[in-house]
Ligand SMILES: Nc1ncnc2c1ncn2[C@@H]1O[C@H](COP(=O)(O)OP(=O)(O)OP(=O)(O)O)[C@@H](O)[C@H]1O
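What follows is a single chain, given as structure tokens, in the form predicted on its own.
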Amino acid sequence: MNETVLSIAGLTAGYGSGDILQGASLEVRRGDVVGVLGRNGVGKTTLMRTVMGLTPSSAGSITHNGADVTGLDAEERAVRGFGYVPQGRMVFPHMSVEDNLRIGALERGRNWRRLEDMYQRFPRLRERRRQRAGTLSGGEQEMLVIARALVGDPDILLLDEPSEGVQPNIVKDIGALINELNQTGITVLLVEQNVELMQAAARVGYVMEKGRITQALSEADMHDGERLRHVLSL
């Protein structure tokens, strides 16, 4: 059985006006692509931000490769191997594509050689390396933020709604990229409402409702489009 890379137990977190996560628990095993599904507003983005250390937790624990990281900030988690692609892309719009990537390299020891790896993986970014990130298309910006996370050479990649606002053909490319990254050894935690992308990328999954994980989904479940659509209608 694969070892556990990420373990979340009883996680509670919010933004001051009340807790959005209400004791969420899940596990991600090494080599898996794990999907988290649920309607808008149930706490999926809060879950990802809390796992990354951007939103503080008020209860519960987060364990990465057997070490408790609950009290660590986002920068320390990045150094330990967390890569994060936030919802809405969040590029640095007035900076060049290459400067955006360099920021990712800074998080784990100024690994400049990884920039060339990213240009090989994303030739379109090489073509636009001097272009301001804010002038890229939605799909190109999604490529950029994924590349920026990968420059840090993460062992677990947190992807929050990567299909949001991108064209259907780019969504297919994102699904293929997730599978390719997974084959290179990167474990993925994926929040997504696009059923086709979730079917293409995730092996197992969890259902989130009102800040809690309420169901675990098997590999067979993840290939059942009707089941996934029902989950998203709850």
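One-based numbering along the sequence shown. As the structure is a prediction and not an experimental result, all values here were calculated from the model.
This protein has a second form, the form predicted together with this ligand, left out of what is shown; the following refers to that one.
In summary, the region of this chain contacting this ligand in the model of the complex, judged by heavy atoms within 4.5 Å and restricted to 172 to 180, 57 to 65, 43 to 51, 199 to 207, corresponds to 43 to 51. In the model of the complex, this ligand stays beyond 4.5 Å of every heavy atom belonging to residue 163. At the 4.5 Å threshold, heavy atoms of residue 194 stay clear of this ligand in the model of the complex, well away from it. Taking non-hydrogen atoms only, residue 20 approaches this ligand to within 4.5 angstroms in the model of the complex. Taking a 4.5 Å heavy atom cutoff to this ligand in the model of the complex, the one contacting residue in 85 to 103 is 87.
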